[in-house]
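Presented as structure tokens, the chain that follows is alone, the form predicted alone.
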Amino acid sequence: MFLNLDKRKSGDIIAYDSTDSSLSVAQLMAEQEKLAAILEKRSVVFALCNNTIGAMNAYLNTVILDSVPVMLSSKADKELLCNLYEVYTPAYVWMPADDEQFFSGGECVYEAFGYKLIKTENERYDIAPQLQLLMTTSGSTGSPKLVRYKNGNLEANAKNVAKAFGWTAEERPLCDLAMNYTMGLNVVNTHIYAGATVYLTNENIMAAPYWDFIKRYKLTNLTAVPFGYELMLKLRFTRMDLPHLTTLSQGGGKLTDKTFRTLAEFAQQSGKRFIATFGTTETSARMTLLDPETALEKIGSIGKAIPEGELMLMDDDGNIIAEADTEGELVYSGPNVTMGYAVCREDLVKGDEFCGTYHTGDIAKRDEDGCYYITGRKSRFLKMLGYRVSLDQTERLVKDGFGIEAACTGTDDNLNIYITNESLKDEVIKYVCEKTGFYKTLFKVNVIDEIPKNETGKIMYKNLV
């Protein structure tokens, strides 16, 4: 059965949430029997997720019963959800029982754990036989672009990530990242596969109940994105008394070198593990992991490929780069590589277009020990005065140099730097000019109230004006 659930005892608890609700294997199976008579196989099902037992039951049983969930946020803008609904016309919608329907019509055919299943008035349509799950590419529902997962992707990633981390049934992981976000779903899948109980919360990291939840259940590991770690460090997380917490892992973007070092040093001094990882929605989340023993030696590294995966670098002509410390596009192959994209419901009948290999679009280099470092995005480069300039590296220059939020966009004629500190405007321009060797006239510093970010803390460059 999916994620080894059939190998667990009926009384095993799959998950707890911060409302003190729980879901056992026996309960999941009992609900499965009810849903088997209701949910038609090979249906497209919108799953409006939050981190609760109701959403967990919806996700697991939809997959087990051979329908295809589209993982979306229950807090998503209703207009955007309506747009997706019109594009993909799902046969069913899972949603919190107290939510208003964002579409007209439909009948509630099942309700449990604070969630209801609505059968819509849409007709079912053909989808690829191997299609298992659909996710948005960045946690946002602003675009109809979805990633198509095939049977085996989620379980291969769960198995290999659990192996790489050394997870056992004794783990008590915190999952505060949304289940509709690839890294949040990875936390769920890897720990269920290992036989552990997942602890779900919707509490805000800045609020006391979040930390009370960790302490009450003596949680052993957490995964955070860079924005989450920045908030944790502002709360002086490293001074908190959390003796049961043994592993801190990172995903969802690149940490600054300063934050990476702070976490690695804290882990070493406190007898914990800090594990940097890297992944994408297109690879079912994690595809690399840095050995925690080398974290302080390899500041900023994403490490090496997870078991059964392979990493390589390619130049612009598609040739494999064998030399160390030479930049190229990061390419990954493995059983967790998904099938490709969909932008409309007609695309859901397509087969496997990636064929096990994904060109990430990330520019990286590899050191002599075989560890990889992300240096930028293939599409995030300018050609200024004939030289290739990385917007991501320029961004990091400002962040590391001044310890502030920053974002960079631009054209080959002008690089725009966005900051939120008016007093640093002149210093930033001077600093960047000195570091890059370019003329002052090629840079413009814009002071804005806030750097726009999505729900996972990634900068929304399209919103910068």
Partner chain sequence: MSNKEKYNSIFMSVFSVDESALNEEFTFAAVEAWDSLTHLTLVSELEDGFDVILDTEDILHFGGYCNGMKILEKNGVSFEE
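The shown structure was predicted, so the numbers you read here are calculated from the model rather than taken from an experiment. Positions refer to the first chain, counted from 1. Whichever C-alpha set is largest while still superposing within 1.5 Å between the two forms counts as the rigid core.
Another form exists, predicted in complex with the partner chain; not displayed. Remarks below refer to it.
The candidate spot formed by 208, 234 and 240 is fully in contact with the partner chain in the model of the complex: every one of the three has a heavy atom within 4.5 Å.
Stretch-level contact check against the partner chain in the model of the complex with heavy atoms at 4.5 Å: of 208 to 216, 274 to 282, 304 to 312, 342 to 350, the positive one is 208 to 216.
When the partner chain is considered in the model of the complex, residue 381 lies well away from it, no heavy atom lying within 4.5 Å. Within 4.5 Å of any heavy atom of the partner chain in the model of the complex lies no heavy atom of residue 10. Not displayed here, the partner chain is approached by residue 227 to within 4.5 Å at the level of heavy atoms in the model of the complex. Heavy atoms of residue 204 reach within 4.5 Å of the partner chain in the model of the complex, making it an interface residue. Along 417 to 447, residues 439, 440, 441, 442 each place a heavy atom within 4.5 Å of the partner chain in the model of the complex. Core-superposed comparison between the shown form and the other one: the Cα of residue 31 travels less than 2 Å. Relative to the superposed rigid core, the position of the CA of residue 412 differs between the shown form and the other one by 2 Å or more. Cα-Cα spacing of residue 361 to residue 412 is reduced in the model of the complex versus the present form (difference of at least 3 Å). Distance between the C-alpha atoms of residue 429 and residue 327: longer in the model of the complex than here (change of 3 Å or more).
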